[in-house]
Structures are given as C-alpha cells and as structure tokens.
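Presented as structure tokens, the chain that follows is alone, the form predicted on its own.
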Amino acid sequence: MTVAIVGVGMTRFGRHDELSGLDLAEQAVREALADAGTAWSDVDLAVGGSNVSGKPDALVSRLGLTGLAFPTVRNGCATGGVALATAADAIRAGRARTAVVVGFDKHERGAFASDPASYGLGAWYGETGLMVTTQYFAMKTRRYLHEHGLSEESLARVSARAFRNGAAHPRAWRRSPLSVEQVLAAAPVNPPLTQYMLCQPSQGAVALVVTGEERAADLAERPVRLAAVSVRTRRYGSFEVFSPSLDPVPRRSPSIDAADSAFRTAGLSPSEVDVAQVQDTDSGSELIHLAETGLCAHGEQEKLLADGQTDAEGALPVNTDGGCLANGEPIGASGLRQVHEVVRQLQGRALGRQVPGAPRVGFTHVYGAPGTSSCAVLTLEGARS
C-alpha cells in the first residue's frame, strides 16, 4: 500500500523557556492536523519520540482520550526516522488508517555527553573523551579530510551555506548569515571544528500526518508519497558515535546500508534526488554523509561546495532549511524536521528558500548514537520511478 504524508506542523526551533516539551509537541500536532484538514478523532495511531523531555503518549490528555494506539521510540538522533518507519509499517500492514508522528525535545546548553554504561561500554571509554560528541566528530572528520584530500575550507562552506539558509527560514534558530572567513576564524572547539561548524542542543517539535492512498487525495491537494523509509544499525568494525570499533580497512556504515535500502525499495537512484537533507551534527558529518548516502563520490564534496551545487539553486540542494547547524538539534524532533522541509519543498511551499524547477524527488538521512541511521525517499505523484 502507498503511504503518503498529508499534513506537517513544526514549532520554531531554539529556546522555549516558557514552554514544556509536551507544550511544543501539542503545538506541532495541532498544526499538522490543521494542515491535513482532519481531527485528532480521525487518527487511529500515533507514534512519538523524545530523548529527554517527557512521554509522548501523555499527549492524549491534551489532544483527546480516544483510545488510539500510541507506541513511543527512542533511537538517538534517528528517533524521528524510526517513528516514521513505525507508522508507515502499521499503515501498510492494515493496522492503522491514519497516523500522527511526533518528535520533540528540550535540551540544555552544552555538548551532548552520556554515561558509557548506558551504551554497554566500560568507564574506560568515557575516560578517552569520546563520550563528548564534539571530540568524537572532530576525530572522525580529521581522518576523513586526510583520506579524501578535503580542506578545512570545505567545512566552513558547509556552515556558511547552512547559516544563509537558516537566515531565510522563519522557524530556524540561527538567523544570522556568516561568511566562510568568519566560520574559519571562529573559536576552535575541537580542531578542525570551530564554534560555527558544530550544531547545538536546542528545543522544538515536529509532527506529520500520515495515511494510506485511499485517504491521501481527500486530505491534501498534493500528498507526498513516502516511497521508502529504512533503518539500519552498525556493522562490526565501523567507527560510530559511542561505539569503540575501528577497523583499518573500510567498513560499511549504517548510513550506507540505510540509504542503499531506501533507494532500492523506492526504485530510484541518488542521482534522481532533487532536494536532500543529511545529518549535519557538525559540518564534517555533512561531508561524510553526502558520500555515504550516494549523493556524491568521496572527495567530490570540495568541488560541489565551491561551485555552489549544494545551494538551493544548485544541482543538489542540501539542508535547505539550514539543517542542524542553523536549527540546533532537539533529538526527538530533528529527523522529522528534515521530512517537514522536504515535504514542503516538493509541494512548492517551503517556508524559507524554495528549490526552483518543481522538485519531485526528496531524500532525508539521520544518524545517531550508537550507530543507527534512518533514510527516507519522498516523491510527488507522477515523479519518475
């Protein structure tokens, strides 16, 4: 059965000192329902995710005690992708007709850090410093730049484009554009990453209304088909967040596996993508994920960025809403923010920079600890397949 996204809702990302995580989630769900022109009473499944900010299923006390099923997920930065996959599977299996998917979080300032024991690791791993995510990403980025001949200027180009896009998006957190030179000259955090090459923990919520093909046309003028959504975990030897394996020979990452699965299921190739969202927890991660998902070859990122090909007007628009760099990362909401942006881009109603030329194929990619990735392919009806 075809699954389609027929409504989207999103809060502003940033700081919301006066609101709770559930307040933000309720706001996003109500906007998504209004966007689809439907009511909570018409929803027979909800799937929610939050890392630290409350139980998503508690939303029923605010939205309506209808007795619907409401499973919750917690998969690090991949939480939104896993929640969407869960809802889509239920619709395809005939266990639900219309679902709401919601993700939210409120994080305090400072780098993400966790207890090694929570990830099955000994205290020794924390003592290496790699449980502090900025150090892990810096180490992985340094190695990648060396292996593929990429410059630190490419890292700055990623950030500069993200802040340009964020400045044009009314719900982004960081709304001030920065030049490549300003990004490079910013305070170092963990070399080669400077202050503006890393995202920050933030606050926000996103919701989607998802349904089967028999209802899609009734709820949206231009429903966006969820052609595929895939979730994968790490293999032996891959070097991932909060995962100590490191093999001297190349290994397949969960992002490679998730992207391969999504494109095969959708019957499309990365070369057909018109607009993409990839995890940019830091600017180095975007470089890595562009290649791991098949959107470009390893080492090709330098030229793509220098030529402006990843800008909204380029051949491969990437993170058109500013990505994590401009929005920060409320973990439960981040993956759904990507889908929100791609849906609006394909429908021609982006809140920020609109990709020209009537884009018809979109792609999203999230990646999180301890090495979990989720990728989705979205299309408009009539898109090439």
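These numbers come from a predicted model, not from an experiment. In this text, residue numbers run from 1 along the sequence as written.
Form predicted in complex with another copy of the chain: not shown, discussed below.
Of the candidate stretches 83-91, 206-214, 301-309, 157-165, only 83-91 has residues with heavy atoms within 4.5 Å of another copy of the chain in the model of the complex. At a distance threshold of 4.5 angstroms between non-hydrogen atoms, residue 75 is in contact with another copy of the chain in the model of the complex. In the model of the complex, at least one heavy atom of residue 65 sits within 4.5 Å of another copy of the chain. Another copy of the chain is not drawn, but in the model of the complex it has no heavy atom within 4.5 Å of residue 263. Contact check for residue 233: a heavy atom falls within 4.5 Å of another copy of the chain in the model of the complex.
Taking a 4.5 Å heavy atom cutoff to another copy of the chain in the model of the complex, the contact residue among 177, 267, 314, 71 is 71. In this stretch, 305-340, not one residue has a heavy atom within 4.5 Å of another copy of the chain in the model of the complex; the partner itself is omitted from this view.
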